[in-house]
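Below you will find one chain, with nothing else, as structure tokens; this is the form predicted on its own, and questions on how it binds or moves follow later.
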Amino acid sequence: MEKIKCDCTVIHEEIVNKVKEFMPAEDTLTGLAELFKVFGDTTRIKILWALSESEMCVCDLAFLLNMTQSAISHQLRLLKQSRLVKNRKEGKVVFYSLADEHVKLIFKQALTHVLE
């Protein structure tokens, strides 16, 4: 495969300045990169997919994914810290669901892209 390289020595200042004007702040881009890191784990993706279908408790998720409750709890903690998942208590049972519609949209869009 041939490497593509730009030999141009001219900076297109108008384009660069336009893009620079709308470039998010460094900490915002860092947050975005961190969010994508969370999506970079197959177990977390399985949990997000399951929760995009229905809220579930740790026991349900562990059974569905054939994993220990401890392993599921660890991943849910990371997903919760990243504000992708929320929980609610019903008696002694804690149910998890996607944090909001944005998470569902991000997840479904990514899945659509992969299936193209």
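Sequential numbering from 1, following the sequence displayed. Here the rigid core means the biggest group of C-alpha atoms that line up within 1.5 Å when the two forms are laid on top of each other. Just so we're clear, the structure is a prediction, and the values are computed from it rather than from any experiment.
Below, we turn to the form predicted together with another copy of the chain, even though it does not appear here.
Visitor: Answer for residue 28 alone: is it within 4.5 Å of another copy of the chain in the model of the complex, judged on heavy atom distances?
Guide: Judged by the heavy-atom cut-off of 4.5 Å, residue 28 is in contact with another copy of the chain in the model of the complex.
Visitor: Can you work out whether residue 76 and another copy of the chain are in contact in the model of the complex, taking contact to mean some heavy atom pair no more than 4.5 Å apart?
Guide: It does not: once another copy of the chain is placed as it appears in the model of the complex, residue 76 has no heavy atom within 4.5 Å of it.
Visitor: Is there a non-hydrogen atom of residue 54 within 4.5 angstroms of a non-hydrogen atom of another copy of the chain in the model of the complex?
Guide: The answer is yes: residue 54 has a heavy atom within 4.5 Å of another copy of the chain.
Visitor: Under a 4.5 Å heavy atom criterion, is residue 86 part of the interface with another copy of the chain in the model of the complex?
Guide: Residue 86 lies outside the contact set for another copy of the chain.
Visitor: From first to last in sequence, which residues of 29 to 55 have any non-hydrogen atom within 4.5 angstroms of another copy of the chain in the model of the complex?
Guide: Heavy-atom contacts to another copy of the chain in the model of the complex: 29, 30, 31, 32, 33, 35, 36, 37, 39, 40, 41, 42, 45, 46, 49, 50, 53, 54.
Visitor: Once the core is aligned, please say if the CA of residue 94 is shifted by at least 2 angstroms between the shown form and the other one.
Guide: No, its C-alpha moves less than 2 Å.
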